[in-house]
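A single chain, nothing else alongside it, follows as structure tokens in the form predicted on its own.
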Amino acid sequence: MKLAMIGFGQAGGKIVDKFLEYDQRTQSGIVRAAVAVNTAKADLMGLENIPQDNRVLIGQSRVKGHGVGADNELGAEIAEEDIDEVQGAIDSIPVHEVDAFLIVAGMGGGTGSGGAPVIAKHLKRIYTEPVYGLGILPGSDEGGIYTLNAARSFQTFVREVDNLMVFDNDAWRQSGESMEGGYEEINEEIVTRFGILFGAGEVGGDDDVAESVVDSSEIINTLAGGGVSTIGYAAEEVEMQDSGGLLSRFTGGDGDAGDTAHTTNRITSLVRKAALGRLTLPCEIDGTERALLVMSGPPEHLNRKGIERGRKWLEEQTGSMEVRGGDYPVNEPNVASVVLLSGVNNVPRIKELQQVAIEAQENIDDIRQESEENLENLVEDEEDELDPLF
């Protein structure tokens, strides 16, 4: 699947930059164009792979290149005001060559959480291609203002995009881990999972052809209907073989029944681990509206029987009749299962986020009222002290 990626804010820009690095390393060909948009000049300068011409600094007249300081209302205002500057960079994208737009943003900061929904609405108005969002939820230890921003942005972002894929930092940060090291690892996880998903079907002339192709239309149909999506991933290291190909995938290896059974069992086990393990957004998978299974790995370690079993198991677990599946042969020493669950409903983290945001808003209102009362009292006290002088 070929994507035009737009990274909004610090987190969004870093992840899109990482996607470009992944694309170059794996030659997957999923990033057709990449743009980074920010209100902070320093964040744009820190990127390594996004071309300079595609780094857009907005809000210079308002914040002088210093960012919006976690004020997502200001971030949204600036995005609205400078939408023509963003469009200028998008104009250089060969839209006829892309299958969809992907807007990546951290939902806790100011620029990304405020601006991402604005650009999503703008793109949907102009283009016919699907517009997807990849939103990164802040950890609960990052502060109340970030949680409040995320809750506000989530409601707006999910409404403006064709589907919102979510990655929850809270489920991935490890205790005792440095902030920088933690986010670096998280970004790698994001790129690996989404890279395999979107890379499916993008094969070159010398690549092995998938037995059961997962192409861009399968991904688009799974994401159709809107809502929230999460992704599961599981991988196992395997030994590479010199020979293989399409025929070997019917047998699972060199034609031995034991190898066939082993290959099938490995695939079904990885599908279970991916769906029931750490999802990008933890949730109950029962009630999922649509799902997609992608198995990647050396051709000789993939077979139709295992993928079909995994797909049927997903149908049973989700209760969905729209479960698609296929393989993505790659010459790497890992067999990996990626499960896309679209239209998930039972998501405790979102409910918790909304509750914390309500409490945070009440606290902000109380503090604001108390501050106004303190200011009035201070002014009255000053007037009382000044009265004798007149």
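All residue numbers refer to positions in the sequence shown, first residue = 1. Nothing here was measured: the structure is a model prediction, and the numbers come from that model.
Below, we turn to the form predicted in complex with a small molecule, even though it does not appear here.
**Student:** With heavy atoms only and a cut-off of 4.5 Å, decide whether Val68 touches the small molecule in the model of the complex.
**Tutor:** Val68: yes, in contact with the small molecule in the model of the complex.
**Student:** At the 4.5 Å heavy atom threshold, is Leu123 in contact with the small molecule in the model of the complex?
**Tutor:** Output for Leu123 is no: heavy atoms all beyond 4.5 Å of the small molecule.
**Student:** With heavy atoms only and a cut-off of 4.5 Å, decide whether Pro299 touches the small molecule in the model of the complex.
**Tutor:** No, Pro299 is distant from the partner.
**Student:** Determine whether any heavy atom of Thr39 comes within 4.5 Å of a heavy atom of the small molecule in the model of the complex, and answer yes or no.
**Tutor:** Contact check for Thr39: yes, within 4.5 Å of the small molecule in the model of the complex.
**Student:** Report the residue, out of Tyr146, Phe157, Phe198, Phe101, that has at least one non-hydrogen atom within 4.5 angstroms of the small molecule in the model of the complex.
**Tutor:** Checking each option against the small molecule in the model of the complex, the one that comes within 4.5 Å is Tyr146.
**Student:** Report the residue, out of Gly110, Gly133, Gly306, Gly232, that has at least one non-hydrogen atom within 4.5 angstroms of the small molecule in the model of the complex.
**Tutor:** Going through each option in turn, the one that passes is Gly110.
**Student:** So which stretch, 224 to 232, 79 to 87, 138 to 146, 282 to 290, is the one near the small molecule in the model of the complex (non-hydrogen atoms, 4.5 Å)?
**Tutor:** Selected stretch: 138 to 146.
**Student:** Is it the case that Gln10, Tyr183 and Ile190 all touch the small molecule in the model of the complex, with a non-hydrogen atom of each within 4.5 angstroms?
**Tutor:** Every residue of the spot touches the small molecule in the model of the complex.
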